[in-house]
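The form predicted on its own is given below as one chain in structure tokens.
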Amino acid sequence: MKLKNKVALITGASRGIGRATALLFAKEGANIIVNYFKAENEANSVVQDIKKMGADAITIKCDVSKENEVKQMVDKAIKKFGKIDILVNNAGIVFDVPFKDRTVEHWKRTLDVNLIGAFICAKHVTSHMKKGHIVNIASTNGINACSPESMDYDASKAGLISLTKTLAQALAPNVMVNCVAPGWVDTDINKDLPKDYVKSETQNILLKRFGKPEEIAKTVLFLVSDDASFITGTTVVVAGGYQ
């Protein structure tokens, strides 16, 4: 087991990439803090699945953009497990809105959750982390696959990639910080995309399909394992060769 006796806090772990990562980490021996904001039933289901594997897990409701809630979440996690070895900043939102209809409120909420939330979580988790790993979940939209309908999301993910580099410097050498930038993945956040759009985007992917949450989770596992013992401040693109 690659994560035996480790404790991992995964934000936005009730569904999609967060859920897949939580289950994979548990399979590899880690105990998990399953953070959620709205999807309580789904979060409880993740915990049940983890416990069936023989690992331990708890759910904690928290809006990662609220510093007082994050502090309370971290305190609860420490009280339960005594430590946090791994933080995965996966919580994220997106508003697909035309440019003319986009508001400052859209921008603020997106940046608060996707970027500032990752900073807040890193700040409070590392106050208890003598040695460990942080992985930020960004997106290819933060690199070169931008969209006018999600410009604030794209900016937040570009910022998260930058934050990864600066956190790696600030927390070295004891805490290693890396980033995963997925391309198109079959998750709830993409389930309502128009079929024609999905078809056209699939043609831009060399592997001719969307990724699976489990494929992203495997990359996250690699980055927090001993297999990545000399990697920090790096962004790994997992996008099937998106062009």
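Note that residue numbering begins at 1 and tracks the sequence as displayed. Given the structure is predicted, the values throughout are model-derived calculations rather than measurements.
FYI, the form predicted in complex with a small molecule isn't displayed, but the following is about it.
None of D63, E215, E201, D56 but one reaches within 4.5 angstroms of the small molecule in the predicted bound form through a heavy atom, and that residue is D63.
With the partner omitted from this view, the residue of V97, I161, M151, I93 that lies near the small molecule in the predicted bound form is I93 [heavy atom within 4.5 Å].
Contact annotation: D196 falls outside 4.5 Å of the small molecule in the predicted bound form, judged by heavy atom distances. Although the partner is absent here, R109 lies within 4.5 Å of the small molecule in the predicted bound form, judged by heavy atoms. Although the partner is absent here, I137 lies within 4.5 Å of the small molecule in the predicted bound form, judged by heavy atoms. For L9, no non-hydrogen atom is located within 4.5 Å of the small molecule in the predicted bound form, even though that partner is not displayed. Partner contact region in the predicted bound form: 151 to 159, out of 77 to 85, 99 to 107, 124 to 132, 151 to 159, criterion any non-hydrogen atom within 4.5 Å of the small molecule.
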